[in-house]
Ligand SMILES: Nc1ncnc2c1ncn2[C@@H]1O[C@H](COP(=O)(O)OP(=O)(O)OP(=O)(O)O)[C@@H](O)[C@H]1O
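First, one chain by itself: the form predicted on its own, in structure tokens.
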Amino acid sequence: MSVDNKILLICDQEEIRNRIIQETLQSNDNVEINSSKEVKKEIGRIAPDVVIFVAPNNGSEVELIQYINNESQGFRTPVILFVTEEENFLQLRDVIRAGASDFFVFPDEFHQFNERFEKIQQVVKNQKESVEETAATSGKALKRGRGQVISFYSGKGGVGRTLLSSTFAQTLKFESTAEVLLIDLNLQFGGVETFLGIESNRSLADLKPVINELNENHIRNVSEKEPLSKLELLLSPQDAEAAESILDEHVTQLIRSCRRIFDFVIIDLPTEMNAKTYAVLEESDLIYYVMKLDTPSIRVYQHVDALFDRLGMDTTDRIQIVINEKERNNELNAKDLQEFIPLPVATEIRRDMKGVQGAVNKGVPLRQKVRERKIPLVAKDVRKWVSSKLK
């Protein structure tokens, strides 16, 4: 078993940054580089194993180290190596108290820094592999040190995004021992409750008064539980006025809090690209883009991809295609799709209007229990998809 460490380099000084990249990080493939101003926005998404933090010019090092450690509560706290150009006893004392693991003065201690970095890399890697082995033998589905945020998105309506996200989340709960939360961010109209047969007067809008001190009790007091699978749900307020009052920073705070509590956070997004949608996509570890095998879906995706570029959104290795309503009469097939959209296809879901419509009309989910033989084709395909993900 081999586990790569995720490394975050925080550095505002170009000369030091280039030297660390060339001499320390050249053999590491999983490296992200941020300025000190980007740390608060990005740390929750990156969740690094090792942080190399070069002292910023504005004296914010103590605050940022404390912030990194606070954001890491609930999953593995990263090892923080602090680097400074001046030997200042008070500064070094303060950063150690704030949570840094070690400190080095550049350039005098560059050699010692490289030696220490290599040793820490191996220690962290061994710890992660041990955790994964324990998780595998205990049947724990999640093989990470923090909750994984998975978003279902499409620029085109009517492609089955909400059906697939709700069925995926429920199946994930049925097929594993993981803690799973499904968030419905279709704030104006909802939709998840229809496919899971849930009625409630509670919604994620109820968290707004406590959003800045959000904790597990707040979330679980507002969430609903799907009775068959025990999947946790944060439902949409289904109200335009409430939707307007929920800001993008509220959504970001909610996701970061939820990923500390749950192994998987599944988010159903609206087609509209607004500040809240953008915030969720930036926080997501994985984006499932749902589409059908037809020309309109391809054209819409091309517009979405161009918009991602204009927004400066990096989706490299984070976005996969989910093909829905596959059938013999499709205009295209998955191979044809690759010519227009060179992205990995996560799965293909067969068209099953009869099975889906029957469940919706009865107001029940597609899945009723764990070992269920007679289930709709969509549920079968999703179960196969989820099982492959948990391997």
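Every value quoted in this text rests on a predicted model; they were computed, and no experiment measured them. A residue's number is simply how far along the shown sequence it sits, counting from 1.
The same protein also exists as the form predicted in complex with the named molecule; that form is not shown, yet it is the one meant from here on.
Although the partner is absent from this view, F195 contacts the named molecule in the model of the complex, with a non-hydrogen atom inside 4.5 angstroms. In the model of the complex, the named molecule sits beyond 4.5 Å of every heavy atom of P237. When contacts are judged by a 4.5 Å heavy atom cut-off, D352 counts as touching the named molecule in the model of the complex. Taking the partner from the other structure, the named molecule in the model of the complex has a heavy atom within 4.5 Å of a heavy atom of G157. Checked against the named molecule in the model of the complex, the residues L181, V251, L163, L187 give one hit for a heavy atom within 4.5 Å, which is L163. Segments offered: 343 to 351, 53 to 61, 330 to 338, 35 to 43. Contacting the named molecule in the model of the complex at heavy atom distances within 4.5 Å is 343 to 351. Applying a 4.5 Å heavy atom cutoff to the named molecule in the model of the complex picks out no residue from 78 to 108.
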